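One chain comes next, on its own, written out as structure tokens in the form predicted on its own.
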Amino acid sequence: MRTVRAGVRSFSELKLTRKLGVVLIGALALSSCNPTFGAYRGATTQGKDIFSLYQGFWYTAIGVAIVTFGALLFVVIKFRRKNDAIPVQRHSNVPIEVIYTVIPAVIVAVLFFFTVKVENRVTAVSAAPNLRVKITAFQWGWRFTYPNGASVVSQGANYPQMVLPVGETTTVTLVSQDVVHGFYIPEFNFSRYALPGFTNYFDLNPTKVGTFIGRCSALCGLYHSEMLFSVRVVTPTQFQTWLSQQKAATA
């Protein structure tokens, strides 16, 4: 009878071990596909840096989950009750306690290091950008002003469009003329507050052409939902042509 039970237990162990192996292989396959985890990959160098950091956090979380639940399943399978004997106790095992205290601290320290590094890179402002644009937020619209005096502004239901050259650095000056607004472009992985009485500066380095939707991310009043805009990224030549045409239209 005992032999039969041992055989059943061995077969059960084999099945659970196979399931655990499938989970581990699936996790490795997932990591090799370069998944987005529900985020945008970023259409600017700053957005790509943010996305890479986001991916790093997810991979770390997956690794921790695999180790944690793998160890839990191993204990459940290996040390499940077979008789009434009391298992060997590991309470107050100093080396083990030191290990599971130090490892999480190291993980947090590494994540903190890379977070600071990426934030410093993303928030850096160029001393000699290719272009400067001033963005003024107001209830309930946007005004984009360029160095040559050309400007684009919200007009009723006509949402404004900011045009930027691809592959070039644009330094943005962001201000608000009334309340707090949020300048947010999802596909850029980027958001900054427009604060009354305070000026925000940041760089945008678009990496691909296209049109990207933007919106206000701070509840700013009755028509907050109407504070939409778009960003169109074009080639430098197309940008210069547009800038000249916009200057003539503004004048």
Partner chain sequence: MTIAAESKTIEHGGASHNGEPTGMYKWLTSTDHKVIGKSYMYTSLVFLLIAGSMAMIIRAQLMSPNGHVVSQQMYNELFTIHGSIMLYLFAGPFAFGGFANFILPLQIGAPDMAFPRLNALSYWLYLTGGTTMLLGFFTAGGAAAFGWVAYAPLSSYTNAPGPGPDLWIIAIALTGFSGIFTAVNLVTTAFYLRAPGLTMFRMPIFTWSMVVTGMLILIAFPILTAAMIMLYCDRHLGTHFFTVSGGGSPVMWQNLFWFFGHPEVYILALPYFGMVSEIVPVFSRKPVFGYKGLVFATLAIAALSTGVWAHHMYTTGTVLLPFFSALSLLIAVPTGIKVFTWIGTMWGGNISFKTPMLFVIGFIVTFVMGGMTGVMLASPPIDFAVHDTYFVVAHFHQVLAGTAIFAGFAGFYYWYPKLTGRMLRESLGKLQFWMAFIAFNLTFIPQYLAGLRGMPRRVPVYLVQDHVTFLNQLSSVGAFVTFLSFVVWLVNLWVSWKKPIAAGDNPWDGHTLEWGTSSPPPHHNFTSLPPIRSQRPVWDANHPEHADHLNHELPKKEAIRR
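Positions refer to the first chain, counted from 1. What you are looking at is a predicted structure, and each value in this text was computed from that prediction instead of being measured.
Keep in mind that the form predicted together with its partner chain is missing from the display, and what follows is about it.
- Annotated contact segment (heavy atom within 4.5 Å of its partner chain in the predicted bound form): 101-109, selected among 162-170, 101-109, 126-134, 145-153.
- Proximity of G221 to its partner chain in the predicted bound form falls within the 4.5 Å heavy atom cutoff.
- Taking the partner from the other structure, its partner chain in the predicted bound form has no heavy atom within 4.5 Å of any heavy atom of V209.
- Interface residue remark: V234 is not counted as part of the site for its partner chain in the predicted bound form, having no heavy atom within 4.5 Å.
- Residue contact check for K48: none of its heavy atoms lie within 4.5 Å of its partner chain in the predicted bound form.
- In the predicted bound form, its partner chain lies within 4.5 angstroms of at least one heavy atom of each of the following residues of 189-226: N189, F190, S191, R192, Y193, L195, P196, G197, F198, N200, I213, R215, C216, S217, A218, L219, C220, G221, L222, Y223, H224, S225, E226, in sequence order.
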